[in-house]
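Okay, so here's just one chain, in structure tokens, the form predicted alone.
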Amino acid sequence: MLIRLLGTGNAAQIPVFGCDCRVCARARVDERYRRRPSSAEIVTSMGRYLLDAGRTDLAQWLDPSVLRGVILTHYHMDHVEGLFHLRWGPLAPIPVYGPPDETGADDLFTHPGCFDFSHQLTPYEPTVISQELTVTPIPLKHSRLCFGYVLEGRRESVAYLSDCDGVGPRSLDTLQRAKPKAVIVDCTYPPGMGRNHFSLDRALEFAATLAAPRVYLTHIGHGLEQHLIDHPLPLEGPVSVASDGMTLSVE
């Protein structure tokens, strides 16, 4: 099982509209430094699953014949906006797994198109999606009902914790007992800044409590990117800054 990170930016993305800082200027001329809104793809031998769908260009390259489902962390627009285009595809119902949010986003629930939003998940309850994928929802502290996930393959697991400003005792205990091979965690702001999302110092402190061999920072804002130019992370350490297109092996 593979996890491909398709969008590692926050809602503003990089480059930020109208911003001429060095980070945004660099991203306008070099595709490698662009950060699109939160999106990932879980690749298994039995098909593929979207993990959030913030990117609006999904229809340009996503093969509908292998799309088996969508797993959402929450219904903020920068995590679901890509579904507004995909939903009009003439396809059999595609299951969407996510938190029991009664509101959703705009009219997704009233006009779901080819998506079936009835697959609401229960906190801490493992759900077998396929023979190669089991997901366990982990409630996260955020401005809206939001799940992180322990994603289990046949032998190993990865924790995906986008849009996180901390976790409660039960969530922390569940994550620690899962012993994930890697943690992909929200890190939106420079040290000491922001709310509803981790800053760099708090993300690193939290990740250390999980003792995972590898940590990948995602949901990166341009202020943090500026900070990292002047204060880069150690190249040989366990923590890396994720980038759009990065692929991780769960097994």
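What you see is a predicted model, and the numbers here were worked out from it, not measured in a lab. Numbers follow the displayed sequence, beginning with 1.
One more form of this protein should be noted, the form predicted together with another copy of the chain, which is absent from this view; the next part is about it.
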### Message
So, a 4.5 angstroms cut-off on heavy atom distances: do all three of V158, S199 and A207 pass it with respect to another copy of the chain in the model of the complex?
### Response
no
### Query
Should T56 be classed as touching another copy of the chain in the model of the complex when contacts are defined as heavy atoms within 4.5 Å?
yes
### Task
Could you confirm whether Q60 comes within 4.5 Å of another copy of the chain in the model of the complex, counting heavy atoms only?
yes
### Query
Might A105 be said to contact another copy of the chain in the model of the complex, defining contact as any heavy atom within 4.5 Å?
yes
### Message
Considering non-hydrogen atoms and a 4.5 Å limit, does another copy of the chain approach L121 in the model of the complex?
### Response
no
### Query
Which one of L86, A178, L133, V96 is close to another copy of the chain in the model of the complex, taking close to mean a heavy atom within 4.5 Å?
L86
### Message
Just to confirm the contact call: exactly one of 41-49, 209-217, 183-191, 61-69 touches another copy of the chain in the model of the complex at a 4.5 Å heavy atom cutoff, so which is it?
### Response
61-69
### Message
Where, within 3-33, is there a heavy atom within 4.5 Å of another copy of the chain in the model of the complex? Residue list please.
### Response
A11, A12, Q13, P15, V16, F17, G18, C19
